[in-house]
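Listed next as structure tokens is one chain, alone, in the form predicted on its own.
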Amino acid sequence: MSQSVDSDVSVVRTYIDSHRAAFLDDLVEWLRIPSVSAQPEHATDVRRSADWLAAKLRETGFPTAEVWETPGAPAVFAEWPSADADAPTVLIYGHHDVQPAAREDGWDTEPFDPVIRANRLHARGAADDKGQVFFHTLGVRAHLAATGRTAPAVHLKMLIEGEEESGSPHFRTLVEAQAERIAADAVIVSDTGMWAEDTPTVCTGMRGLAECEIQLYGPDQDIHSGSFGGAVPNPATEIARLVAALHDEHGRVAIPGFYDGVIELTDRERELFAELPFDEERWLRTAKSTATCGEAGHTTLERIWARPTAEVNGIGGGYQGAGSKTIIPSSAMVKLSFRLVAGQNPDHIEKAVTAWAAERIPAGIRHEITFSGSTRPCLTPLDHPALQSVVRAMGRAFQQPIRHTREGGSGPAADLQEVLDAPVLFLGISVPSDGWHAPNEKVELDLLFKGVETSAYLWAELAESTHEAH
């Protein structure tokens, strides 16, 4: 049995303080490995990173730590069974590959030569995602120290992929092939962040994504606009009409069936979003924009977190050079992306977009539509016991109320939710100023160790909430 809450907190913090220096030494060693999955010349470094992590997880205490091969970069799997046979199983997800980085990109120091300045650790991967993966290693040891256990209160597993920064091209296949090994009652994603240093938050969901390119073909070649203009269909005109038809006058996506199945925000969720200290003018400055727009009846945060969207990512056709060239072009194109929310199915969206486009293309225009890989949305209800465990663990670490956010972007977490049929929970301590994918990426050390502390409390919280639910 665990000790009292106050005693647990004291033991956890003492343990973390006494192991802080060694933890940072290890993390710095890992950050020195330039595990850039997008660059073939770093393939051996990505493998070195996987080998390093597997060895360190075995050193942490995981009886099983394996490097799993994929057609691309390797992933790492680790498992540490609980002594309690009926304990829940929890899978931690993260990634060990990083974005490309070079000094000439604008870094103040070498990106793979970690530097600590003003209580911040600067290096590529410090926040995204090595730091947030690695805090679990010290967290689980602090958990054992506080509870007197020799194994975690949950059956603890880790799956740390090596291709997230390259779009996770082999992740879904890996998850499906290893579904039995990675089966879990809950998934903890530590590849996310918080609202701000003074506003700790837990993310409850991510949007999904579908993408397509539509090509329109008219005349077999560019033709004279004086001789044929106004008498034959123009692909560039039709692509413009297609784009103009994407939304109605209220900013809603006008594709029939697009909103089928959408899970609407509850009043409570809208209240929680409204509690966040959101400065729209500051947000606009970050967006390098001067005005907001979007679906009527929703706030900016609701639009980017909990509403589906259709965006034009690129459009082209006809003459693009200097001066004029009076032609009807032979072709035109548009690239579209659709951010999806809980309840939407990418397969359904593909069919809806395909039917919508076909219906709007006039005679004399041939079209092709090509979809790339899709990502499903994921959402954990506010009242889910596992989510409440994360909130309580963070609350104990930060000693203040934990607020709620969602993530407007998309990621591979939804594959885990779908294949494993388990709730996805987000535990991250990174803040917007950490500069993911940017020069001088960093992690705030105080927050990094709050992540360690949260991890230390989480496993007993999850075990207890599961037993109470049963």
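Sequential numbering from 1, following the sequence displayed. In this text, rigid core is short for the largest set of C-alphas that superpose within 1.5 Å between two forms. A quick note: this is a predicted structure, and the numbers were derived from the prediction, not measured.
The discussion below concerns the form predicted together with a further copy of the same chain, not included here.
Asker: Is Thr286 part of the interface with a further copy of the same chain in the model of the complex - any heavy atom within 4.5 Å?
Answerer: Thr286 belongs to the contact set for a further copy of the same chain.
Asker: Determine whether any heavy atom of Glu66 comes within 4.5 Å of a heavy atom of a further copy of the same chain in the model of the complex, and answer yes or no.
Answerer: Glu66: no contact with a further copy of the same chain in the model of the complex.
Asker: Taking heavy atoms and a 4.5 Å cut-off, does Pro277 contact a further copy of the same chain in the model of the complex?
Answerer: Outside the cut-off, so no.
Asker: Quick one: does Arg241 come within 4.5 Å of a further copy of the same chain in the model of the complex, counting heavy atoms only?
Answerer: Because a heavy atom of Arg241 falls inside 4.5 Å of a further copy of the same chain in the model of the complex, the answer is yes.
Asker: Please state whether every one of the three residues Ala55, Gly261 and Pro346 places a non-hydrogen atom within 4.5 angstroms of a further copy of the same chain in the model of the complex.
Answerer: No, the whole trio is out of contact, none within 4.5 Å by any heavy atom.
Asker: Only one of 113-121, 182-190, 321-329, 153-161 has heavy atoms within 4.5 Å of a further copy of the same chain in the model of the complex; I'd like to know which.
Answerer: In the other structure, the partner sits against 321-329.
Asker: Just give me the single entry in Gln178, Thr370, Ser227, Thr354 that has a non-hydrogen atom within 4.5 angstroms of a further copy of the same chain in the model of the complex.
Answerer: The residue from Gln178, Thr370, Ser227, Thr354 that makes the contact is Ser227.
Asker: Using a 4.5 Å cut on heavy atoms, which of Asp86, Asp222, Glu197, Glu271 is close to a further copy of the same chain in the model of the complex?
Answerer: After the contact test, the surviving option is Asp222.
Asker: For 279-307: residues with a non-hydrogen atom within 4.5 angstroms of a further copy of the same chain in the model of the complex?
Answerer: Going through 279-307 in order - heavy atoms within 4.5 Å of a further copy of the same chain in the model of the complex - the hits are Trp283, Leu284, Thr286, Ala287, Lys288, Ser289, Thr290, Ala291, Thr292, Cys293, Gly294, Glu295, Thr300, Arg303, Ile304.
Asker: Aligning on the rigid core, do we see the C-alpha of Gln178 shift 2 angstroms or more between this form and the one not shown?
Answerer: No, shifts by less than 2 Å.
Asker: Taking the rigid core as the reference frame, is the Cα of Ala210 displaced by 2 Å or more between this form and the one not shown?
Answerer: It does, since the Ala210 C-alpha is displaced 2 Å or more between this form and the one not shown after the core fit.
Asker: Look at Tyr259 and decide if its Cα position differs by 2 Å or more between this form and the one not shown after superposing on the rigid core.
Answerer: Yes; that C-alpha moves by at least 2 Å between this form and the one not shown.
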